[in-house]
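So this first bit is one chain, no partners, the form predicted on its own, shown in structure tokens.
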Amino acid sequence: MTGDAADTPRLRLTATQEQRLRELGADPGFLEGRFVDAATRDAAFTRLQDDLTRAGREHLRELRTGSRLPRLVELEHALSAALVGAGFVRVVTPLMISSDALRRMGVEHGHPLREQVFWLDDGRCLRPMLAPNLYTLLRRLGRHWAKPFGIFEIGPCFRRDTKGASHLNEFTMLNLVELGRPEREGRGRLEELAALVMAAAGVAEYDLEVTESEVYGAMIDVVVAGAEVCSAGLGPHPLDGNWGIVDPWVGLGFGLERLLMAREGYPNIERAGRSLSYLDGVRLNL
């Protein structure tokens, strides 16, 4: 074997080392690295583990002293302030909804989404989406407020999604909807509102892509580096009649953990969400 061949980096991190660095938030590129021998690999692992551990402890110290808030909380505050500043009204609605509310969203018995719902007693469930409650409020507020007007909610939703790097059973949604603008302005207004939210979230680069939804059909997704962070739609829509809505509308639904994951470059969504293993993205078994 020649000297050049012997020096070619071929050795990967061990599975244990890779898992540990992944938990600590190492750059995915480092996890794919190759090393010329075990001693070089182990030394590089130790250096990076120590650096990431120090950074994590410093982050926890900042949380302890109050010099920073968890990113999910900061993001919620920033989005709320931006939307209130744009004339939207923040609302707070129940976490539990009825089976009938899902039916009026087109989620009948046999619909795939129905199998992903966390059911309680008496035909109630933990909300898998904010839309049923916002539809109800739009109809009732429309009796009191001149159009157009906009409302939004930020809060937990629950869904039996397949666990993975980009899915959570409990996640935080921002849903905003504006009722009563002329239908011809819908697409332009949707783009304006997407830009408003993405700027408030601190994400400059994103794309809009046409896609299909299980509930609404044709939708427009906001995508960051290939990951969907928002699904948006325009009305009138066939579902509107189930809720007594007759005016055009624009609606956008953002996943806050997805936004954080995209903005911070997290390798998995658990670091961005509600967790007992992480605090604000810092693994607690440092």
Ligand code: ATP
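All values reported here derive from a predicted model rather than from experimental measurement. Position 1 is the first residue in the sequence shown; the rest follow in order.
There is another form of the same protein, the form predicted in complex with the ligand; it is not shown, and what comes next is about it.
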Where does the ligand sit in the model of the complex: which of 242-250, 62-70, 229-237, 30-38, heavy atoms within 4.5 Å? 229-237
Would you check, heavy atoms only and a 4.5 Å threshold, whether S166 touches the ligand in the model of the complex? yes
Heavy atom of R159 within 4.5 Å of the ligand in the model of the complex: yes
May I ask you to check whether F171 falls inside a 4.5 Å heavy atom distance of the ligand in the model of the complex? yes
Does the ligand come within 4.5 Å of any heavy atom of A262 in the model of the complex? no
Sequence-ordered list of residues in 179-197 near the ligand in the model of the complex, where near means a heavy atom within 4.5 Å: none
